[in-house]
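Quick heads-up: it's one chain on its own, the form predicted alone, in structure tokens.
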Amino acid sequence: MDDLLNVSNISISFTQYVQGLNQHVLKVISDLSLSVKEGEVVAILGSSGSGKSLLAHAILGILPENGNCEGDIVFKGEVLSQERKEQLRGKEICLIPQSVNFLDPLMKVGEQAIGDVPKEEREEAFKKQRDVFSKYGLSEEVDDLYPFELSGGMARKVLLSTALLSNPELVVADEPTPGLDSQSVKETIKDIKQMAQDGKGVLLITHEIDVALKTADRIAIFYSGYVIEINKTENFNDVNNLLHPYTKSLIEALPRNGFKLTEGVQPLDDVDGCPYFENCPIRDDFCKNNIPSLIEHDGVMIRCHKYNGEVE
């Protein structure tokens, strides 16, 4: 099956001014590559504040003006220009945003879900809106509520339902579960899986390991601006099926695995070599000054010199 979305060698940076007119370029994402197929959920798993949401913004074409995006974003075989992203946004590609603040506090949710449609199309638009809201457990009473009257779980479902009104082919879910109670998290996971079962491709951006494990078909591990491993979710059940030392340390740190913690922090600035060098238990001198490429090894995408034959 062909890829619905293919992100190839994406790097995102921001031009900033410091000390007057001196320019500084802050690189946040480097050489990021991944793909999503129809009916598949791919999770990007990384720590909070590491820049994962910027990928969503790059796909939708909503980076701020000082943002610079290099590399190719391909949707259904077509390399997307900024103009094409704007044409697809809200139609074939939709975003489930991270914050419920995306809802207009002064408008009832039913009205803002259908948006600005011609008068003669409003009846049909409300019917479609009601069908989608019902599918995700939102009663008719919800249509006439303002956002402040919604619970956290209801607000998330409104965002999800609104994104699906245009029947998109690709859904980008940006941190859909923070702040939700356990029951709402379960429902959100169920809803995302249902989207995939309906044939949509889903890119799930999250920092919650359990959400990724329970939702995704494949998981891309994000570290210091790089994707360092993309593996099938089933392989995360056994740490021996994982390749990168950081991926292994994430799983070993889970409560069910005894909280085996690894010392060290992610580097905040650009490094000359492997971004995991300072914390890596299998590092070699070669790794310090050489950035590994993302390669395929036994069906796993991995960024590590050990697997591309450059170190023992």
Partner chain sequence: MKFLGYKAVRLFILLVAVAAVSFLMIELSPIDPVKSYAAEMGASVQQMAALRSYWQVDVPTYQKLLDWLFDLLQLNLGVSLIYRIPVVNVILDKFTASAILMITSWAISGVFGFVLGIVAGAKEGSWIDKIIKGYCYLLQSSPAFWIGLIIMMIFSVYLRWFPTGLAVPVGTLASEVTFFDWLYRLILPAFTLSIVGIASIALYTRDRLVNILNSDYFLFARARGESHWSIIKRHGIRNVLLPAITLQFMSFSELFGGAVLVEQIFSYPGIGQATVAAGLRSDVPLLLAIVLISTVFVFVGNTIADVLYKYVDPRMRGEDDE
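Residue numbers count along the first chain shown, from 1. This structure is a prediction, so every number in the text was calculated from the model and none was measured.
Keep in mind that the form predicted in complex with its partner chain is not shown, yet the notes after this line are about it.
Enquirer: Give me the residue from Leu243, Cys287, Val271, Leu63 that has a heavy atom within 4.5 Å of its partner chain in the predicted bound form.
Expert: Answer to the contact question: Leu63.
Enquirer: Answer for Thr162 alone: is it within 4.5 Å of its partner chain in the predicted bound form, judged on heavy atom distances?
Expert: Although its partner chain is absent here, Thr162 would touch it in the predicted bound form, with heavy atoms inside 4.5 Å.
Enquirer: May I ask you to state whether Arg89 is within 4.5 Å of its partner chain in the predicted bound form, using heavy atom distances?
Expert: Heavy-atom contact with its partner chain at 4.5 Å: present for Arg89.
Enquirer: Taking 4.5 angstroms as the cut-off for heavy atoms, does Gly71 touch its partner chain in the predicted bound form?
Expert: No.
Enquirer: Decide whether Asp116 counts as a contact residue for its partner chain in the predicted bound form under a heavy atom distance cut-off of 4.5 Å.
Expert: The answer is yes: Asp116 has a heavy atom within 4.5 Å of its partner chain.
Enquirer: Spot the stretch among 130-138, 91-99, 229-237, 186-194 with residues whose non-hydrogen atoms come within 4.5 Å of its partner chain in the predicted bound form.
Expert: Looking at the other structure, the answer is 91-99.
Enquirer: With the partner left out here, if you bring back its partner chain in the predicted bound form, are Val28, Ser81 and Arg84 all within 4.5 Å of it by some heavy atom?
Expert: Negative, none of the three is within 4.5 Å.
Enquirer: Pick out the residues of 88-112 whose heavy atoms come within 4.5 Å of its partner chain in the predicted bound form.
Expert: In sequence order, Arg89, Gly90, Leu95, Pro97, Asn101, Phe102, Leu103, Asp104, Pro105, Leu106, Met107, Glu111, Gln112 come within 4.5 Å of the partner.
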